[in-house]
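This document starts with one chain, in the form predicted alone, laid out as structure tokens.
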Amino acid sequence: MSQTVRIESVVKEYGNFRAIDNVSLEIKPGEFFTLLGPSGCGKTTLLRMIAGFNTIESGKIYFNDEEINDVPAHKRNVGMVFQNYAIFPHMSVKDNVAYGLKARKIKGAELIKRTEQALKLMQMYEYKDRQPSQLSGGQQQRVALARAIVIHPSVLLMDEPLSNLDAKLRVQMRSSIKKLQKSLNITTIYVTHDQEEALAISDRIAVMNNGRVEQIGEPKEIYMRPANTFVANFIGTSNFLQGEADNGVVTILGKVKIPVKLKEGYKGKVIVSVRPENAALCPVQEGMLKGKVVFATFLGDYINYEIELEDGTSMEINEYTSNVDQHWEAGDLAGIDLNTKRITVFDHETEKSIMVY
């Protein structure tokens, strides 16, 4: 049965270094929840605290209403999938999968039944007698998943499980993991630094930085309504332009005026975030940004342009080839048409969003 995972003000310290800094969040039963952030942000440390591998300096972790701070790892009923798979090289596939059941004193027909069910679910039954050295990376990952789910865990924890696979296989495996998780309805906490992976696979995402949670939300919300400049820059790509806000109007580079819904009474310097897909090149017109094309990179379904604005600011723009008739070349002078409904405005000092949606 899926469980709620509740984390309340947890702290993890290594000497004077605070790896997890007063983190609180709640994961719903059956939810696919991702901890996303750069290397060293604390996401794996937090996952290991949930698993019971790391101690907690302060704060509490609950499975449903049961505090588990002092519950040993082997009694928390969690399945764990590691980055390096951690399957035993001297055991066959079926023995690897059955290992957790044997540790729980499950024997005989029940052990065989559950092992075979897990292998079939992961499409690994025909490989049950092989050794790990005879398997591909993707197959080894499926064995690791089968071993994690065979114990019928209440919570499934996955630490960068796809990072050792090639790009095409990663896409295939993330789809398989998502389908598996939904079919089993297991509360799942997934760690990755890959933004695209997180957006594709998650019900909700917690973006972490320096041991803190910067924002929690659904993928679309995180991408389209970032809480601060860190989230805007880490999730996808953002162009940051300097501006000035006054009476509901933001002026960019002293000339382009955009009406924006901002927090009441806000006035002063701002940072305007524009995604590459939310701007388009056009002939130069009065009252719009303009710049010189520095590079034009053809990428099949879209062209990526690097533009140098009049003040020297560099800007990225993506234009889908199916939507435009004119292709621009390096050296061309072009106007920049902003989709003003898709920009985000941040306070210049705090770098937090001041948008009203």
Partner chain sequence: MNNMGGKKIFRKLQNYFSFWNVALLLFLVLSAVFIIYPFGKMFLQSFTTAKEEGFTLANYTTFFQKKYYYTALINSLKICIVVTVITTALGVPLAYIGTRYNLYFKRVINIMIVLSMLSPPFIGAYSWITLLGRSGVITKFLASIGIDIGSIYGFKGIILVFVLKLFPLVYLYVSGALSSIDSSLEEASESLGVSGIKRLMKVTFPVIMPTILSAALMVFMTALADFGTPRLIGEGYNVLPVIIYKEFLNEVATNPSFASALSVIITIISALVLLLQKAIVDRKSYNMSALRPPAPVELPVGKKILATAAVFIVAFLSIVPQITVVVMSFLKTRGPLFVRGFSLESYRNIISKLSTNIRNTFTFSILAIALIIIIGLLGSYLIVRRKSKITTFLDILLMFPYVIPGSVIGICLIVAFNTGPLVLTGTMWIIVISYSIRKLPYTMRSSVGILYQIDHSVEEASISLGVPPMKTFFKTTAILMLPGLLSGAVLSFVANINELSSTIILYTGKTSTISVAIFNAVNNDAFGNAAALATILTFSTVISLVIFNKISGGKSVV
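Positions refer to the first chain, counted from 1. The model shown is predicted, which means the values in this text are computed figures rather than measured ones.
Here the subject shifts to the form predicted in complex with the partner chain, a form of this protein not shown in this document.
Peer 1: Mark D325 yes when one of its heavy atoms lies within 4.5 Å of a heavy atom of the partner chain in the model of the complex, and no otherwise.
Peer 2: Because no heavy atom of D325 falls inside 4.5 Å of the partner chain in the model of the complex, the answer is no.
Peer 1: Verify the contact flag for A103: yes if a non-hydrogen atom of it lies within 4.5 Å of a non-hydrogen atom of the partner chain in the model of the complex, no if not.
Peer 2: Close contact exists here: in the model of the complex, A103 approaches the partner chain to within 4.5 Å, heavy atoms only.
Peer 1: So in the model of the complex, does K220 come within 4.5 Å of the partner chain, heavy atom to heavy atom?
Peer 2: The answer is no: K220 has no heavy atom within 4.5 Å of the partner chain.
Peer 1: Under a 4.5 Å heavy atom criterion, is H74 part of the interface with the partner chain in the model of the complex?
Peer 2: Contact with the partner chain, yes.
Peer 1: May I ask you to choose, among A206, M80, V274, A232, the residue with a heavy atom within 4.5 Å of the partner chain in the model of the complex?
Peer 2: So the residue touching the partner chain in the model of the complex, by this definition, is M80.
Peer 1: Can you pick the one in E26, D332, E310, E67 that has a heavy atom within 4.5 Å of the partner chain in the model of the complex?
Peer 2: Only one listed residue qualifies here, and that residue is E67.
Peer 1: Out of the stretches listed (184-192, 233-241, 143-151, 124-132), which one is close to the partner chain in the model of the complex, meaning heavy atoms within 4.5 Å?
Peer 2: In the other structure, the partner sits against 143-151.
Peer 1: For 83-97: residues with a non-hydrogen atom within 4.5 angstroms of the partner chain in the model of the complex?
Peer 2: Sequence-ordered list: N84, A86, I87, F88, P89, H90, M91.
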